[in-house]
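The chain below stands alone, shown as structure tokens; this is the form predicted on its own.
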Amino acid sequence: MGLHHHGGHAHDHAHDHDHLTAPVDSSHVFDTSIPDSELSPGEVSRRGLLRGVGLLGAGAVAAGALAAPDAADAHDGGPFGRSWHQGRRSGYQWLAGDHHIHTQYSSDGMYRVIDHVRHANAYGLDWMVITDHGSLAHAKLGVDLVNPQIVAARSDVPDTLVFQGLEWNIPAAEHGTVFVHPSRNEVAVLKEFENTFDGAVTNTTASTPANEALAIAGVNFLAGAVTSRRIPDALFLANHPARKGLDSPHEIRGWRDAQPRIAIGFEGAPGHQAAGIPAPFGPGSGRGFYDGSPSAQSFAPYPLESYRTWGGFDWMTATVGGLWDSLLAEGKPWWITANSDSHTVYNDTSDRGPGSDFNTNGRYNDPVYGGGKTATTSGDFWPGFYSRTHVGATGFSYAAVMDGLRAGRVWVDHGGLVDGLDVKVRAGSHWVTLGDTLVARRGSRIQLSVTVDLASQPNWAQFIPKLARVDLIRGAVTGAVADRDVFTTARTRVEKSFEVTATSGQVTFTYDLGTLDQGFYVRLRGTDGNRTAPGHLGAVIDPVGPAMDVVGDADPWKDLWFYTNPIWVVASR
């Protein structure tokens, strides 16, 4: 089995043809402002063909009409995204975002939409998703009432894309982000989804087979809404998947396998990253509020260590050879993200609006100045302040961000550990980047190249992070598993670590992945090196991985990591 991307969608199938080129994107090819040197070999070839038949240069007009229709849809002019100036990498613009944010329309939120959007914009985010909690009040009132604020924010802050979504109480499981492409039906579809499939609204939170089936039906509903063209697009990502042990491996596989174009991944790192700051200066809880223990609803085989973050990342992602790798080893595209889960912000001086009646009105009144007190027990940061999800997009548009997420062109970081990443796996002159699959002839020489833009300016804690090491993690593609509750894979480990001694500028690594024999995947992570320990599955697999975070003593700024999504390499027949 191989896995393959065509124009932003992914599917599994047996490869019966040679496919030695990077994905071809029409907007790149027609956009003559992009030099040939910035294009993939496939794109250069296609541009040459178009030049040869006179379709480029007739050119500028055709390019203007075809190059970036999504951007034209999103803007009348002005800047295109906060990250746009950083230039293209591997043919894409890498747009920073956050898919998990709560407002005054959440039962545990406080801020107005515009408060979050302005902060996100100031902290450098290009896109964001409003995800108020699913609840009776939200389903009845909030999902409608928040929409005008979102629409207004889209107009008021045009260089940050603002999606509407909700935080789904997944039947029989934890929470998840569900969001849709803006359209005239965005509210109607979200409202129908919430009233029919939200576990809190339908009283289906218990871990039963019937409720698990309802979750699958919810994912299918979203796919149907796209197929029937009620909405242009929809995505679902599981949030804080290991926090309570509710998301069993077979449920995760079930969501993904039911609708791989809709259910695309989970949070590699949860929000609430300030929660571990020691008291009395902070909440003194678990980083990410990962401070719990198993319940009767939890998946019993998960170990106690899974209820903690490791270097701020969820155990499913942080464990080399763990659950995430077991999915990747199957050849399943399943992606990770990082976000704020922002409800109430650490050290903020606001209060909820006085006289609020959330259950009656579906919202809290607008926040007010709190009189000088600071929220030291709040565990959240503003969107973009600490956690970022960087998406490789073909343009600045809602569709391009969703396509990039679906394609897995994603890397995530905490605390501005690095400014940028460019990762390629190549066979000869043909290459692919994050989330994609390089199909090469058996016996081909495979190489990895990584370019890191080191942090060049102080982060929001007012220091310049220093990258100390980059780890290459490699796993064998072993195919579908018989036991859908398996959460380890035996043939994944850290293959190589690159020490970083430079403190500024750019560093580049190249690594020979050997002669292609059997399919494999690679993924990267990097660290400031402040807290490391042998990985959960042992030092042979992961000698210097992230250390398990200590409840009550986990300053997030003193333990920074980045992670990338994988790249697969498979042999053609």
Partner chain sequence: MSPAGRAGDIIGLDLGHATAREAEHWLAELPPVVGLTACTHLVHGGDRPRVIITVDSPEPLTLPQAGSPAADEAAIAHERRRSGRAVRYPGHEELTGTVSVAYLLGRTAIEEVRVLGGGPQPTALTLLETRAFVRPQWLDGHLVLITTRAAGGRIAPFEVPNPTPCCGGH
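Numbering follows the first chain given and starts at 1. Just so it is clear, the model here is predicted, and its values are computed rather than measured.
Only in words, not in the display: the form predicted in complex with its partner chain, which the text now covers.
- Against its partner chain in the predicted complex, the set 107, 175 and 294 is in full contact: each member has a heavy atom within 4.5 Å.
- Contact with its partner chain in the predicted complex, defined as any heavy atom within 4.5 Å, is confined among 307-315, 441-449, 493-501, 478-486 to 307-315.
- Mapping the unseen interface onto this chain, residue 350 falls outside it, with no heavy atom inside 4.5 Å of its partner chain in the predicted complex.
- By the criterion of a heavy atom within 4.5 Å, residue 548 is counted among the residues contacting its partner chain in the predicted complex.
- When its partner chain is considered in the predicted complex, residue 236 lies well away from it, no heavy atom lying within 4.5 Å.
- Under a 4.5 angstroms non-hydrogen atom cutoff, its partner chain in the predicted complex has residue 244 among its neighbouring residues.
- The partner is absent here, but in the predicted complex a heavy atom of 298, alone among 121, 356, 90, 298, sits within 4.5 Å of its partner chain.
- Of the residues 289, 193, 381, 431, just one reaches its partner chain in the predicted complex with a heavy atom at 4.5 Å or closer; this is 289.
- If you take 207-237 and check each residue for a heavy atom within 4.5 Å of its partner chain in the predicted complex, you get 207, 208, 209, in sequence order.
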